Ligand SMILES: Cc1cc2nc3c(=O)[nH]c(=O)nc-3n(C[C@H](O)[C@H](O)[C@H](O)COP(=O)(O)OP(=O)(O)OC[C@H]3O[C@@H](n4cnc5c(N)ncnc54)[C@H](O)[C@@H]3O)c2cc1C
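There is one chain below, alone, in structure tokens, taken in the form predicted on its own.
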Amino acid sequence: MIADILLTKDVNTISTSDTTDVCIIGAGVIGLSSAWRLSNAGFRVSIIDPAIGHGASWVAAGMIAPVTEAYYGEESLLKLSLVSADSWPDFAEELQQATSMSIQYLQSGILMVGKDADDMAVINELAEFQQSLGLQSERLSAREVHKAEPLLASDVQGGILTKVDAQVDNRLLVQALVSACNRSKVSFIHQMVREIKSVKGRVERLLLQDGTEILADKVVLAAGSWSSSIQGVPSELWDLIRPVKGEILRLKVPDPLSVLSHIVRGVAKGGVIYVVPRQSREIVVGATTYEKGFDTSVQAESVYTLLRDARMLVPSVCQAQFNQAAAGFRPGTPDNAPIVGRTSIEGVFVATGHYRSGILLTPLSAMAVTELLTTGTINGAMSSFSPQRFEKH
């Protein structure tokens, strides 16, 4: 478990700005990867989070799917996603070399399949949209999808294969990033930040839940769905980030012959479902999407619906061992895109709001945060995703 690899430090050892340059609020994959990159760039970094790595990053499915998850009206986010996806192989290799830990990055491709004529109409429309954007996807007949993935239900009518889409084991990723941060001498504070305190428009200190105050010259707000709820956050972030609940299931198949060779993402009688195979024979099935505040419960109906829809596409899931049902909160924004950049409070930077793309955008977000704190600006694909894009003119 992740607790076994944390080498934590006492909060009192980093209670002044003499021992840290950057405080990062939030230890999901965005906060952890940013801390690792910043530390390697020469910054003394502290991460503050009451449950290191156990938020949305721990509950995610780990898909790196810019093509399959291309949506109408989100073309700018697609461009960002493609750039980040291209950086994933080097990022994964560098992380493995730094930690000697595999995160099981695999460019296994995704099969998007349908069960009936209505489902296939959705699939065909998606294929046309992908191809209109110049994305690499291949339409497959019923015979071709079953040849590509023999474990599919016999009545699957066809689909799309996106070979460039990939996956990573998100929990191994979290553990590797924690290990990398420890090796880079990042300090961990197991606390909740109650308030960001600023004086005359500049950040001065952080107030923790236990009353401890930490002097802070630079703060990176990477608290996911909780980013808007911390007292003292910059006013432009008020009510901008909301929790979007998602529930997933984790199963274990009995033998290697029962393991899918692709991620299967499907439309089953109108419902969208994905089934993500792991090298460990684990299967992740997800995900529900609805807004219900910070309710962490898993609904029995959600478990039933996920299993029912997964079984319609891959009948062998019924032979799997049920390991876990879990809920997490995607940090949603008005345009479903991340918020990375400067804020109106000097010394406070933001890297949050990644919604369903947190794992996908991890390498690029960490690079952007490091560039921002090193040079004062962000160039390239992430430059258009600052908080200022929501300002009313």
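In this text, residue numbers run from 1 along the sequence as written. Nothing here was measured: the structure is a model prediction, and the numbers come from that model.
The same protein has a further form, the form predicted together with the named molecule, not shown here; the description that follows concerns it.
Peer 1: Does any heavy atom of residue 357 come within 4.5 Å of a heavy atom of the named molecule in the predicted complex?
Peer 2: Taking the distances in the predicted complex, the answer for residue 357 is yes, it comes within 4.5 Å of the named molecule.
Peer 1: Closest heavy atom of residue 181 to the named molecule in the predicted complex, within 4.5 Å or not?
Peer 2: So residue 181 does not count as contacting the named molecule.
Peer 1: Using a 4.5 angstroms cut-off on non-hydrogen atoms, would residue 222 count as touching the named molecule in the predicted complex?
Peer 2: Yes, residue 222 is a contact residue.
Peer 1: Please determine whether residue 54 contacts the named molecule in the predicted complex, using a 4.5 Å cut-off between heavy atoms.
Peer 2: Within the cut-off, so yes.
Peer 1: Please identify the residue among 108, 130, 191, 96 with any heavy atom within 4.5 Å of the named molecule in the predicted complex.
Peer 2: It is 191.
Peer 1: Please tell me which of 246, 158, 234, 243 lies within 4.5 Å of the named molecule in the predicted complex, judged by heavy atoms.
Peer 2: If I apply the 4.5 Å criterion carefully, the residue I get is 246.
Peer 1: In the predicted complex, does each residue in the set 77, 349 and 366 place a non-hydrogen atom within 4.5 angstroms of the named molecule?
Peer 2: Per the other structure, none of 77, 349 and 366 touch the named molecule.
Peer 1: Based on heavy atom distances of at most 4.5 Å to the named molecule in the predicted complex, which listed stretch, 139-147, 224-232, 309-317, 120-128, is the contact stretch?
Peer 2: Among the candidates, contact is made by 224-232.
Peer 1: Are there residues in 41-71 with a heavy atom within 4.5 Å of the named molecule in the predicted complex, and which are they, in order?
Peer 2: 48, 49, 50, 51, 53, 54, 55, 56, 57, 59, 60, 61, 62, 63, in sequence order.
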